[in-house]
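Before any questions on binding or motion, here is one chain by itself as structure tokens, the form predicted alone.
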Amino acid sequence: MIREARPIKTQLAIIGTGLGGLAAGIFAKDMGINTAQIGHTGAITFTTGYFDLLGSLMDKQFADPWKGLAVLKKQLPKHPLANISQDDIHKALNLFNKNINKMGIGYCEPGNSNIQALLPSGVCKPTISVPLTMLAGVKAKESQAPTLIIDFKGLQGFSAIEFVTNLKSLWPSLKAERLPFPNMDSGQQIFAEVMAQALEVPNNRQRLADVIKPLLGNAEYLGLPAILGIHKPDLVHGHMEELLGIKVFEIPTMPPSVPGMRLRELFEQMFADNSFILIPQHKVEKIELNNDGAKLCFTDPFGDVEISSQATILATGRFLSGGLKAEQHGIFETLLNIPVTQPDGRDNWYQEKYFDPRGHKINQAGVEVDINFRPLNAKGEPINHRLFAAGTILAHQDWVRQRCGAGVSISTAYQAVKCAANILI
């Protein structure tokens, strides 16, 4: 029996729901573009919640990421950020930040300097914007204020003792404590997301504050693993500060992390309306390109679905998200088999030394695009004038080493949506 597919018609289709896809969705919605977006969970839950612009290049760290971009343009002219004006990068970051704040998660405004944000192991990373629930930690470290760091029995992925040990020489007034989490003190493993959900209940926040208060001593700040709610974290954070009478900050845990879950949940709950169709936890199975746009096919629990779009943005990410796949004979783009720029042979994927300042060539593999962010074929020509690409699937960037993941994802999404908007009817 032949099943008839349910049709959906839209101006723009976005494939991917990671940070690049999320940003593209925000910009499309802001521009009033009728949009359908589809993607599985992706790698967004593996993020710290920090938004990096550019932190380093060839092991040189940048206090000013904007000056760093000028260096990047000279040293890596094919890097995705090298082909976007600083004015457009400013606009993209500010618009993204404004919308995330409006949707319900507070972030500090991207400024002219990198912030030294705290990581779970007790080291810092340069980033341009952090959640407001984490900002006090940056200030506490800068002032070396007396600070108590707490972890919980049974929680994996964050150790207060490790954090304090690694920072003690730079922050002498740090102290560590380990506590049982209220109603989760059986000795079994507990999970950050479960703790975060528990703290969305005011009575649980009161119980936790009652356990912490006797340990504060002269502490002016309290650092917790990132567990202050998945929904409305700013409200949970504010209430904990009120209960404890001191400044409280979160520290990201090892992934999957609550800050990433917050972004995913925010996206899935706040976005869908009459002009924006969001189809989470699904994957495009086939795509057909034509002169009028594209036809995207997938199956949901109710049957086959067919999305017809005038323009399409590919934001499927890299290996973890499934946008790229590494096999014995090379690296492949998984949906359209778009040519992937990559090292010549597996022997050249990695440098001999793991911490080689040049990085590993495989990390710069990806899809080539033109100035309008249209993927190119083997001849260097656009595959389709209505197909665009954004995010970490793009070639010539090493977002982990360069601390530029959010910068690449958000800025290229902004450009791709702008270019797509120019051809929409």
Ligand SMILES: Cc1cc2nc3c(=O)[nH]c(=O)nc-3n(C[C@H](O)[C@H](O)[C@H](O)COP(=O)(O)OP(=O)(O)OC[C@H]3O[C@@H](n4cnc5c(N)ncnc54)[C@H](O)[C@@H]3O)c2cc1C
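Predicted, not measured: the structure shown is a model, and the values here were computed from it. One-based numbering along the sequence shown.
Beyond what is shown, the protein has a form predicted together with the ligand; the following relates to that form.
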Task: Candidate stretches 299-307, 316-324, 131-139, 208-216, one within 4.5 Å of the ligand in the predicted bound form by heavy atom - done: 316-324
Open item on the list: Under a 4.5 angstroms heavy atom criterion, identify the one residue in 247, 175, 239, 125 near the ligand in the predicted bound form.
Closed with: 125
TODO: Select from the listed residues 395, 43, 362, 57 the one whose heavy atoms reach within 4.5 Å of the ligand in the predicted bound form.
DONE: 43
Open item on the list: Each of 80, 338 and 366 within 4.5 Å of the ligand in the predicted bound form, by any heavy atom, yes or no?
Closed with: no
TODO: Considering only heavy atoms, tell me if residue 255 and the ligand come within 4.5 Å of each other in the predicted bound form.
DONE: yes
- [ ] Indicate whether the ligand has at least one heavy atom within 4.5 Å of a heavy atom of residue 12 in the predicted bound form.
- [x] no
TODO: Indicate whether residue 62 is a 4.5 Å heavy atom neighbour of the ligand in the predicted bound form.
DONE: no
Task: residue 417 within 4.5 Å of the ligand in the predicted bound form, heavy atoms - done: no
Task: Residues of stretch 399-413 in contact with the ligand in the predicted bound form (4.5 Å, non-hydrogen atom) - done: 399, 405, 406, 409
